[in-house]
Every structure is written in structure tokens, then in C-alpha cells.
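A lone chain, given as C-alpha cells: the form predicted on its own.
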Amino acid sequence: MPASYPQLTAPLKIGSHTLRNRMIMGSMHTGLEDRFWHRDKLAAFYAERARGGIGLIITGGFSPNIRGWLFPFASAMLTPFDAYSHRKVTRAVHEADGKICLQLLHAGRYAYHPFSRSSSASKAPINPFKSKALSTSAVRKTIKHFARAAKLAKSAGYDGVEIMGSEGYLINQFTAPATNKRTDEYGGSIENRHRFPVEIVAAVREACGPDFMIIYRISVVDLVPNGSTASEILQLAKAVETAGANMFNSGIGWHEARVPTIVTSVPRAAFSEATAAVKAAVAIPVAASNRINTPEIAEDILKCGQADLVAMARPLLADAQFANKAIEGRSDEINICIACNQACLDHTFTNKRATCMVNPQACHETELLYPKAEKSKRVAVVGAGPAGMSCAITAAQRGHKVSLFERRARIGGQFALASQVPGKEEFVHSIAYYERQLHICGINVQLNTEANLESLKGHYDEIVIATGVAPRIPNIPGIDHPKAITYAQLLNGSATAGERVAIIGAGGIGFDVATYLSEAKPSATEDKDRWLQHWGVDLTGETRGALTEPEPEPVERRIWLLQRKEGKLGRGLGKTTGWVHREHIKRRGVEQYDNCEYTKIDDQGLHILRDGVAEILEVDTVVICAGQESQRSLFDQNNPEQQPHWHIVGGAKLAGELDAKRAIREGAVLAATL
């Protein structure tokens, strides 16, 4: 029987507006906001989510003035021309029966330019630029700028605005004693530190009238030293409600926080108790957010009374039809966001256009199209890893007759290995999604089948080789010793590791293996209390920023993570996730060696030269994580001149550090052209 979500799918009144359900698309910057000539693409992106049934959309952040730019000439709502350029966005959403609010965001000391301003003179640890303090008169002007921007948003056709008061941006910098060192009426006491956001909300309400929706994004937990306490946050919420807000949205942690909030290892709905505290203190609706990626989790939050509605951003990148699928009882067809950040936030924080690893069409709705094929072709796809499944499903959705060959007993490829890593268990959701789509599309899946030239040639119009990669075996004396195993053997369960382990290779796979080996129990992702304890988070007390002393659990193994090159390990990891991996294995006691030369593996263990000095690591196991090699022999056996309709995608085309983002996109792009 299809799942039912009565709380999630019920309408909700926000001020004078009625939302068709309680699912909203939370704000995230896509890279399409900053230039007016991208408005068509932005309109298509949001309209697709509105057609997908979402109750409300909140845009990426737009600054109310120039000093609030995230970077020079970044997104802003400053002039009537800006408002005019947004009309195609609001029109597209409204034509799809959706509602949309513009987020107003002043970057404060997070602004990546030298003329930034904050509550006090300070420099964020994630920014090379030091901000100067806003003068008292400049604070008052900034309040007027918020009101002006909101009025422009109203003229552009937006149903309301979200005022960004969380994540460590300017307003949050006023509310927290960590960054507010002022001595005027906007600093010092709690009431003074709250004055800035309260006056902004009041000014926006006065400028835009009673029917305009005002959402306040409140930091329900700061996660920084000397951040706000729980009681201060509740006091702010009551004051903002009195000033005229219609709804609260939850913000979790500052960008500089040393507690992870957005990566896949964070337990789902980890901070919902902090949202529940705000909901209990106010009368207006409150939205929960952060690591909520299935209708089941969202429904539970609403059923337990922790929130009135649920905000999801990345899940709507992964699947624009998320809401419709939930409403129609097709939740097993949702392409789940696995919080990998590889194509969304990693792109955003490197000034690239965002997209989604599991949905490359996200933010490319006007460019990556999947039209119905003029003629149905017989298509063979060899390899059921991410690239092969992406290609097979997209080709079948276009009307081709597809056969998918996989030499193993199950689909998934490298995703199946990744799902064994603690904190990456959610990769199984992607595999489940692909498995469901293979069934829906009627794809002929042949497992335990080794495709060859004889079985392919002459039987198919198009042949796609997506046979992936295999671990690269380095030329080290003793590499065939029983102590030496590959990461694939370890993760697929065909080999086990002892109590003392050396890991050769400190790329993403090496860090994953270090995490896998250092977990004494099942992943903390499955145990929220363990996770909070590991990172030092206290959601129940009155500690500032909700921080307490971390208590990592002891590790049973002794582990060394080694790399050949000199320098910090893990430099090539993701922009938004790398620091989490590095900090996690550090807390787990993994020893990290750089500048290593591997000289021999024998009964004693792993022999190395470290900084030119010989050393023996007396280990039971040596795990090889030294890169990958393409498995493309089947493609290379073919003569392209005689058989031109052969294609190669994913790891089979280009090995290297595993890149599912590229593999899935290549598969989809190829299928779109067949």
C-alpha cells in the first residue's frame, strides 16, 4: 500500500496566504541569481519545483545593499530594474500554481570583498577579509535598505520575503555576543542585540502591508563559541513575532561552526528538538529544516509536534517531483538527496553553478533536455554502476528499448561500496531509486552476466560501455603478500582487516576506509545521541552556542593513513565536506603520515621511508587505496570504424579519484542524444 502523509500534505495558512501543503523548498544559492541574464534559467528551475507540487519556494539570498553582497556584483535587490527582471521568475512559479518568497540576505563579515561591514570589526575564520563595524547611522540605513528591498520584491510579484537571520550572516552577527561587541543601542544587553532584527521585521511589515508574507530565518542553534543560548533564541523569536513576522524557518549552525550540519554523516533531523523549542514559544507556524530528505522523516516531525511544516532545499535539487510523489503515494520513486554536497554546495562555495550529483538536470532545465526519441532504438548498456544506470534509465524514459548487463550479482557499482562506509549508508537510497526506475522503465536487467563482443555486435543499435573502475595496484615489493588487500575487498566483505592497519593512499577513498576501520560500533548516523556526543553538542542545556566538550569514543584499532606527497592529508577532498572527514578521523585517533615511500610489505608489516628515514609499521593489514584504473577492455576490443555506435562513459572512460557526479552526468548527457 502507498504511504500516507496526512500531516505533510495538509494545507497551512501563513498570514493571508494558504499553502497547498507543508513542504517548502528552503533557500540555497544556485549561481543563477547573480546575473539578470540568467533569470530565464532561474525561472525554469523554480517553475519545475512548483509543478512538482511544493507548497512554497524560497529563493537564494539577495542582498538589500551593496555592502551586503556575498561577493562583488553578487545577487541583490536594489533597483526597480532588479525587480522587473524577477517578474519572469514569479510569473513562471505562479503559472505553475506555486508560491515564492525572495530571501533577503546581508552577508556581513562573510562578504568576500574588502568593503564589508559587520556588527563589530572582526574577521570570520573562513574569510580573508576583515569587516569594519557599521556605525549607528549605517545600522539604521541598513534597516531601511531591507524594507526597500522587500518592497521591490513585492513589486516583482513575490508573495513575501524571508529575512535571513541565521547561518552567521549579518543579522546573526548582531544577535550573538561572539560577534557583537557594540556599546550603542544595538549592542550589550539581550534586548539591544535583538533590536536590529526586530526593527528590520517591523520596517518590512510597514513597507509592504499586512498581506505580504514575512518569514524570519532564525538561528535555532548557533554551534559557535559564545553564541546565543536557548533562552535568548526564544526571547528573540517572541520579539520578532510581535514585530510582524508570519512564520519562522529554522537555521542550523554558522558557516564557520566546527560541528558538521550538512554532510551525509549528520543524523537526519538531528536538530529538530531546537526547532520544537521555538514552536512551543510562539503562535505563528515554524518550519523544521536540515537533513530532512524523506517524506517519512518529515511526517514524523509534524506528527510529533516539533514543527508545523518542513523546509528542504537539496532534496528538491535531487528530485523536483518530491512533493507530488509524496502526495500520490509514490515515495519509493523519490530520488533521495544523500547530502554528498559534491555538485550543490561544493559548487556554490567555489562560485560555480549548482546542480545535483544524482540529478544532473537540476539548474540545467533549459539545457539538459530529455525529449522523446523520434525512433526507438535497441540500446545495450554494459555496467550497472552510477554511469550505466543513469544512461539506461534516461534512454528508456526517452522511449528506447534498453538492456543492462552487470557481471556482479547486484547493481550499484561503486555506490554499493560507498554505502558500507559509516556515515554514507544513505547511498543505498540511490541504489534503491535506480532499482525502482529500472523496473518502472521496463529495462531488461541481466545480472551475473559478462557481456562480450559476440553477444553485443549486431544485436543493438547503440552500445554503451560503463564498466567502471578497479583498484590500481601499485608496484610495491610484496604487494601480493596476504597482508595486502584492496579497498574493494575490504568494503565488499571478501577480506577483513586486523587490529593494526596501514592505509596506502589518502584521497577520498583512503579517508573513507579510515572511517570504516575506526568505527567501533554501527555508524553514529544511526545514533543521534552518539553523534551529538562525538561533536560536543548539547541541545538540552543553556550552554552558549549549544556547545559542550566533545567525547569521541575510543577506537579499538590502531590505524595509519599514509600518502606519498608532502603536505596536509585530504587537501583534495570536497570544499564543504573535507574538513569534516579530516576532523573525524583525527578525533578517532588515526595517525596521518605524509611524504612516505613504500619500500616493502612482508611478515613484519609495511616498510616505509618517511622523510627519508626508514621505518617499519608493524601492521596486520595493508589496505591499498592508491587510485583506480579504467575497466575498458571491452570498448577497446571494438573497431570504431566498423562499429561507430559504441560509447564509453564514467570511470571506464576516465579513472582517477572516484567521481560519481561526472559519471552520472555523462550517462544522462549521452542518453539524451541517442
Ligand code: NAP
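Bear in mind the structure is a predicted one, so any value in this text is a computation, not a measurement. Sequential numbering from 1, following the sequence displayed.
Not pictured, yet referred to below: the form predicted together with the named molecule.
Distance check, residue 565 to the named molecule in the predicted bound form, heavy atom within 4.5 Å: Output for residue 565 is yes: heavy atoms within 4.5 Å of the named molecule.
Is there any non-hydrogen atom of residue 52 lying within 4.5 Å of the named molecule in the predicted bound form? Output for residue 52 is no: heavy atoms all beyond 4.5 Å of the named molecule.
Using heavy atoms and a 4.5 Å limit, would one call residue 298 a contact residue for the named molecule in the predicted bound form? Residue 298 lies outside the contact set for the named molecule.
Answer for residue 512 alone: is it within 4.5 Å of the named molecule in the predicted bound form, judged on heavy atom distances? Answer yes; at least one heavy atom of residue 512 falls within 4.5 Å of the named molecule in the predicted bound form.
Is it true that 474, 505 and 581 each have at least one non-hydrogen atom within 4.5 Å of the named molecule in the predicted bound form? Every listed residue reaches the named molecule in the predicted bound form, so yes.
Heavy atom within 4.5 Å of the named molecule in the predicted bound form: which of 248, 434, 169, 598 fits that? Just give me the one. Here the answer is residue option 598.
Please tell me which of 622, 625, 617, 32 lies within 4.5 Å of the named molecule in the predicted bound form, judged by heavy atoms. None of the others qualify; the residue that does is 625.
Among 204 to 212, 497 to 505, 226 to 234, 145 to 153, the region lying within 4.5 Å of the named molecule in the predicted bound form by heavy atom distance: Careful reading of the contacts points to 497 to 505.
Scan 285 to 303 and write down, in order along the chain, each residue with a heavy atom lying within 4.5 Å of the named molecule in the predicted bound form. Heavy-atom contacts within 4.5 Å come from no residue here.
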